[in-house]
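Just one chain is shown here, as structure tokens, and it is the form predicted alone.
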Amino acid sequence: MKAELKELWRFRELLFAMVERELRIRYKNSALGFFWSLLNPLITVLVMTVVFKYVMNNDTPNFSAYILAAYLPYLFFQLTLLDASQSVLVALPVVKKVYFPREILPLASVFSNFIHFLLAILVFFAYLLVVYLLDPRISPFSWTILLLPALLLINFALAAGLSLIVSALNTFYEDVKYIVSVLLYLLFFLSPIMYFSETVLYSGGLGGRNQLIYFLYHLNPVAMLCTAYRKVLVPPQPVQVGENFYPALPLDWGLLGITAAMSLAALIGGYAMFNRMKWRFVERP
């Protein structure tokens, strides 16, 4: 793996060029450019806020900020895997003719989506500032924002590792991209985006096994990351579960540590698996 990393570093300028190409092509001849990438999450958050806050009477303060803080990292994860799954397959004619480290193809998708994610985080901060100006009684910023770089690294490692695996497998088995789409759809509901992770703990319909189910629930690294982003980006306030309000739970460092270890393992394992399979790409008819 050390030799592959050296080779990847030698071709770093090609990686940068492909990331720039991905960014340019996505919104070429578009009047709004990058802001189109925010339109989908903002409309989704608006609809979810109206449904849950006003139709289902969820009175959790600043509910839209909680949704957006969890939805943005999930959206980055979703778009990255879907883009990366097709990256090698689309470039297969070039792969068969020109030598370069094949991992550049999925990594270009990862980096371009990560840049969009970082820009979306900046827009999220602007949103929090607007909320604060409208209601200055509660500051939307706290010292926990300093933990954001650690979450971004964990998130990037998880997305990059799984993208390498998915892109390699989909080159030979095109059913993979459909399986990934279905799993990502299910993952949306299995992650605390439309609801709070506290709902899992305080729900009365889990047969008294709330603590165990809460722990198992957060072994899903995406669910844990969504929870962690909420704890870091939005100051804790009481959350509504059913008709009752409960105090927001602190960030569970043990579960976050497990997620970090799983993400690192996914990155190392995904890179190793991709390198084992990449020399057979030219054999694909």
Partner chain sequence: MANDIALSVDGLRKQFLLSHSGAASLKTALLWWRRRKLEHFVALDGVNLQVGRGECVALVGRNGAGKSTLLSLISRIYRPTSGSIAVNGRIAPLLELGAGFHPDLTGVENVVFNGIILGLTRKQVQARMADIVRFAELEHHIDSPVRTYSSGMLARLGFAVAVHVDADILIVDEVLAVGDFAFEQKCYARIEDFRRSGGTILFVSHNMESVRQIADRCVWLRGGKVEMEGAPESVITAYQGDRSEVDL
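Residue numbers count along the first chain shown, from 1. A quick note: this is a predicted structure, and the numbers were derived from the prediction, not measured.
Omitted here: the form predicted in complex with its partner chain. The next part is about that form.
The stretch in contact with its partner chain in the predicted complex, judged by heavy atoms within 4.5 Å, is 89-97, chosen from 118-126, 89-97, 151-159, 73-81.
The shortest heavy atom separation between residue 179 and its partner chain in the predicted complex is within 4.5 Å.
Though the partner is left out of this view, residue 273 does not reach within 4.5 Å of its partner chain in the predicted complex, counting heavy atoms only.
In the predicted complex, at least one heavy atom of residue 282 sits within 4.5 Å of a heavy atom of its partner chain.
Although the partner is absent here, residue 173 is a contact residue: one of its heavy atoms lies within 4.5 angstroms of its partner chain in the predicted complex.
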